[in-house]
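Just one chain follows, in the form predicted on its own, and it is written as structure tokens.
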Amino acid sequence: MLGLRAEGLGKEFTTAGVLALRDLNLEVEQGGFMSVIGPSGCGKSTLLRIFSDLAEPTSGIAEVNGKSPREARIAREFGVVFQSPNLLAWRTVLRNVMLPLQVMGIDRAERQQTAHKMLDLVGLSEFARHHPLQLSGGMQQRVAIARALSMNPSVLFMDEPFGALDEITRDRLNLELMRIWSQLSATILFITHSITEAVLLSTQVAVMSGRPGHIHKVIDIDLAHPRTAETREDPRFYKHVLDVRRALTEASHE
């Protein structure tokens, strides 16, 4: 079964007179890690919002694990991580991670146990009693990832989660995300503007055209796992970076 599928997907914002997506087709295998890259305004985030049931398509089909995005949301099959961590300043790190479980009505002991497990997964166990403003930006984003993972989703949507971070922190979190993904069976759809980030993280990179956005090309990334800092020194890494860059140039002339 596919983790994600879009067929003939279109999205028009009629009040603004903007056609964001047109006839977009995409398939992501279950357990795959696909990065989506393209020029600003091409509809990358719109695509993610449709899959995560935050926007309705104007035309076409979007499916998550063979279900409509609404059905998948109700079944709590996916989590979402945005560029901003969106943590509640008055709640501790632990209670921020517990929040979705609290909304679901999970009993306190179970949600505490799950939240501690997720914080351990992202390497923040010792900061459970801290508040968000006591953490760095990178640490806050790891809390946001832990919160999204607390519901044990089979699909994770990530909309430029590291885009606002400095390069050193971003590189470290890229590797941290790879470690987390290696321990999960989740399908990941990752939006980024960085070619090197897309190549380092992904099993596939989908290159989008300019608006109205559609998938120009999907590039398979055959780098070995686990990915490490040394992966960037692999000659195949540079080849894939060039492949993605060429595809972006081609897409810009469509």
Partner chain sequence: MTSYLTTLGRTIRHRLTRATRGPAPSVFEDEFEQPRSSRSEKWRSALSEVAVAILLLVIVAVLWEIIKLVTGTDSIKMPHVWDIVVFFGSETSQGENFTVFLLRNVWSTGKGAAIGLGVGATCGLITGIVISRSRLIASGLMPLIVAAQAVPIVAVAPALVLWLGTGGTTKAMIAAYLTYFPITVATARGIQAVPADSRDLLRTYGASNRTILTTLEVPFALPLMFVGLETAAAMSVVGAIVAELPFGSKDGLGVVILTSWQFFIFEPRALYAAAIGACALGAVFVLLIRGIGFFALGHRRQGEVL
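Residue numbers count along the first chain shown, from 1. Predicted model only: the values in this text are computed from it and were never measured.
There is also a form predicted in complex with the partner chain; it is not shown, and the following applies to it.
With respect to the partner chain in the predicted complex, the three residues 15, 68 and 216 uniformly fall beyond 4.5 angstroms at the level of their nearest heavy atom. In summary, among the residues 102, 182, 125, 152, the only one with a non-hydrogen atom within 4.5 Å of the partner chain in the predicted complex is 102.
Checking 76, 108, 117, 129 against the partner chain in the predicted complex, a heavy atom within 4.5 Å turns up for just one residue: 76. Residue 113 falls outside the set of residues with a heavy atom inside 4.5 Å of the partner chain in the predicted complex. Within this chain, residue 58 is remote from the site of the partner chain in the predicted complex, having no heavy atom within 4.5 Å. Among residues of the shown chain, residue 169 is one whose heavy atoms approach the partner chain to within 4.5 Å in the predicted complex. Using a 4.5 angstroms limit between non-hydrogen atoms, residue 145 is distant from the partner chain in the predicted complex. Only one listed stretch (198 to 206, 45 to 53, 219 to 227, 25 to 33) carries heavy atoms within 4.5 Å of the partner chain in the predicted complex, and that stretch is 45 to 53.
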